[in-house]
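The chain below stands alone and is given in structure tokens; this is the form predicted on its own.
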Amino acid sequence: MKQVGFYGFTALGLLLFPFAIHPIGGYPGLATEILIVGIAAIGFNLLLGYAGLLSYGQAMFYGVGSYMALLTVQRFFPQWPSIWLSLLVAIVFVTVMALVIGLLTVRLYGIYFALLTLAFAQMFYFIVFQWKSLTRGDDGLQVITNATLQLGFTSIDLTRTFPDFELGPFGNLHDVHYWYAFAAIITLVVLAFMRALIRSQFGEILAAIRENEERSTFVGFDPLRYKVAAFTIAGMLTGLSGGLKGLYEASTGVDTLSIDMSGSFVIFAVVGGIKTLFGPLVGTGLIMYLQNVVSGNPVFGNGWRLIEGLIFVAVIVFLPGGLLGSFKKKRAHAALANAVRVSPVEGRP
């Protein structure tokens, strides 16, 4: 029953999301971007929230994923412009890349691990920047992609929109592209995968390693193996996110591998709430809303960065569990307080 409830409420939330943000200045295109980038934040949350690893180089997987997806369409397989093939190439390449880097980095702890991931990210940044014959350097890749979504014997143009249907203050159904539906389905699958993962023995062992790695070793688990697996899965999801973003925008650039992008993933997860399933999506939505909507307000302008900083500091100081994490903790405390106030024998205060 809980499984049905999870899928039902999550699907309903994703269905209503592009219309719910319309009254506050949002738009369906922004909703699509939030879901796509949110997948990378969900992957990062597996590292920070459940494995206790602060990676400051996730942008390398995000950027390389976007480049690989577009290069597949433009150069590798231009005769077969399939979204599935482009995403598969991006995911496989980034997954192998994450596995190799994970084997080299997760042996370190704390700030040393973070700095080494940052060093790898900078290395890939300069490789992409300098390899102009393939990546076009700081000009980035801009393609007129004809990538289609193949479904059996038919194909779907994701740039098409839904039929015209007025929804009053919630916008018009015609404003929503098929891209949003595709991104929503992928997000639902990723959330279901992550939910199953963190509730499995793998997730429990990751949490045990995070809390006390030495004790986990004594029990018989191999922390290195589990941390490498978590790093690889996080990289895979980030590569998927980057591939989707590149195909959606039909362009990418070296800024996708920047330090600023890596920092954004940290902010998304922390603000929304690490150790929560939906927290990274909430954090991504809030910060990207500030970036795309509030920054367009003449009153705030570029001051959205200041607002973002204030929100981040406020969450760290007053809501260390993030927006959803702190709310979840308060509910747990309230339920515990109610249980204590009621006598287990007499059933009354």
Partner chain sequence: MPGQLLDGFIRGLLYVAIALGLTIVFGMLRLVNFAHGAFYIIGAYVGLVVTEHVGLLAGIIAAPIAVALFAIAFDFALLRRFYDKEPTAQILVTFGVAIVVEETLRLIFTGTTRTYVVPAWVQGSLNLGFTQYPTYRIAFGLGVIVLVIAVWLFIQRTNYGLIVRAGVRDRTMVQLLGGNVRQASTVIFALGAALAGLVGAAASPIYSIDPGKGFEFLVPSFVVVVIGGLGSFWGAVLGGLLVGELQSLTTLFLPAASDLVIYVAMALVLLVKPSGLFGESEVIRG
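Positions refer to the first chain, counted from 1. Predicted model, so just to flag it, every value in this text is computed and none were measured.
The same protein also exists as the form predicted in complex with its partner chain; that form is not shown, yet it is the one meant from here on.
Contact annotation for the candidate site: 54, 259 and 313 all lie close to its partner chain in the predicted bound form (heavy atom within 4.5 Å). Using a 4.5 angstroms threshold between heavy atoms, residue 309 counts as touching its partner chain in the predicted bound form. For residue 126, a non-hydrogen atom is located within 4.5 Å of its partner chain in the predicted bound form, even though that partner is not displayed. Among residues of the shown chain, residue 156 is not one whose heavy atoms approach its partner chain to within 4.5 Å in the predicted bound form. Although the partner is absent from this view, residue 321 stays clear of its partner chain in the predicted bound form, with no non-hydrogen atom inside 4.5 angstroms. Annotated contact segment (heavy atom within 4.5 Å of its partner chain in the predicted bound form): 114 to 122, selected among 182 to 190, 164 to 172, 114 to 122, 91 to 99. Contact with its partner chain in the predicted bound form, defined as a heavy atom within 4.5 Å, holds for exactly one of 71, 266, 83, 229, namely 266. When its partner chain is considered in the predicted bound form, only one residue from 149, 108, 250, 208 comes within 4.5 Å through any heavy atom, namely 108. Residues in 155 to 174 all lack a heavy atom within 4.5 Å of its partner chain in the predicted bound form.
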